[in-house]
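Shown below, as structure tokens, is a lone chain in the form predicted alone; questions about how it binds or moves come after it.
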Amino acid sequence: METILALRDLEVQYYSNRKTIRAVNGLSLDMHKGKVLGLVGETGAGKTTLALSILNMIRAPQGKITAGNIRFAGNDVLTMNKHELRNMRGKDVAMIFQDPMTALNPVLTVGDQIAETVLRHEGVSKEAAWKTAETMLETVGIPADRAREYPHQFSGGMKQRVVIALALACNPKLLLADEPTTALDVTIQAQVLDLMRKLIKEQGTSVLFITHSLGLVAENCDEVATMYAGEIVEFGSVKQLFGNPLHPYTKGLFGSLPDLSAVSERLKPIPGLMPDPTNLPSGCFFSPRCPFATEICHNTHPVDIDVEGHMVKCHLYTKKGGKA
């Protein structure tokens, strides 16, 4: 299976008021060509920072990739010059940003913004680029005649559709979808997901699908990674994670969902909050909230453990340990 993206020991930090915010901590991850990887976790886990790191868009002095390696299609992203990065972004790797308000230029029409990307990467005429822009808008449920309108003339959900059209315009090899369907109604959500599936089938596009919806992950992803406090704590196929979640945090996410087949008075939320990224626990980052935590969990950081092809970062799965 061909690896399209390989991350090794990635660390990303932000700096604010003389504090160091550890956003991503020693993260390693592989993505395969033509596969959809679902990335789940609470707000503040570092999911968006991870996506921005892949595009080398962490900006100094506020942020910095302090360690690790990012290789896309065999090329080291962190050593690329500005010209190489411009050629990669939008063409080979595209991102659907979570906030459409800041992803669109308010002084350009939405058609011009999509056509500009097509012109930059496809080398076609202005007429052909504009036609592509209109086609992409229609693909995400927006009439082509609205291509000459500005972002402020669209609702929040329609802005999100424009951002999706912009990201898909050049048929990228890798699509970073940061909660792409959050602001969409159910019918448009289905259209966008169908379009993503079509890209995967026809172009071999790989997708990093960042979402809070485990239902969307189950329906659209091949593999799942659970992220907590800037690291991957569990990784496996959809069948593995949904059929047999191993990490206490992953179990907590599933336990927080309502089960219509069971009778219960209350849901079972994960107690506590995500740890302060300026002062992470010395042992397992999840240990202050974990019902299975022992002394070793509070004092020693766990390593990745392979459980029959299913990766989990937890002391409960050592060779001598049992399952949670």
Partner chain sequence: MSARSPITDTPMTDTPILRVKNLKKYFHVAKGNLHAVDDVSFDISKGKTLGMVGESGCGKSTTGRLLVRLHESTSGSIIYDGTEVTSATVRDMGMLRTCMQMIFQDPYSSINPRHTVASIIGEPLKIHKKVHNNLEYEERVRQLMTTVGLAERLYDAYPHELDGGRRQRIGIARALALDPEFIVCDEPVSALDVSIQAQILNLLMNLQEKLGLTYLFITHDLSVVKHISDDIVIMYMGQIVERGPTEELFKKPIHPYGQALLSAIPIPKLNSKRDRIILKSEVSSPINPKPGCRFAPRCAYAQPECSTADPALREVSPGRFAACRLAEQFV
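Positions refer to the first chain, counted from 1. Just so it is clear, the model here is predicted, and its values are computed rather than measured.
The following text describes the form predicted in complex with the partner chain, which does not appear among the structures shown.
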Of K239, K198, R120, R86, which residue is found within 4.5 angstroms of the partner chain in the model of the complex when only non-hydrogen atoms are counted? K239
Answer with one of G63, P277, G68, P281: the residue that has a non-hydrogen atom within 4.5 Å of the partner chain in the model of the complex. P277
Which of 121 to 129, 77 to 85, 139 to 147, 199 to 207 has heavy atoms within 4.5 Å of the partner chain in the model of the complex? 139 to 147
What I'd like checked is whether T3, M57 and D304 together line the partner chain in the model of the complex, meaning each has a non-hydrogen atom within 4.5 Å of it. no
Is there a heavy atom of T109 no more than 4.5 Å from a heavy atom of the partner chain in the model of the complex? no
Using 4.5 Å between non-hydrogen atoms, is F72 touching the partner chain in the model of the complex? no
Does P269 make contact with the partner chain in the model of the complex, using a 4.5 Å heavy atom cut-off? yes
Using 4.5 Å between non-hydrogen atoms, is L257 touching the partner chain in the model of the complex? yes
Even though the chain is shown alone, can you say which residues of 12 to 43 have a heavy atom within 4.5 Å of the partner chain in the model of the complex? S16, N17, G41, E42, T43
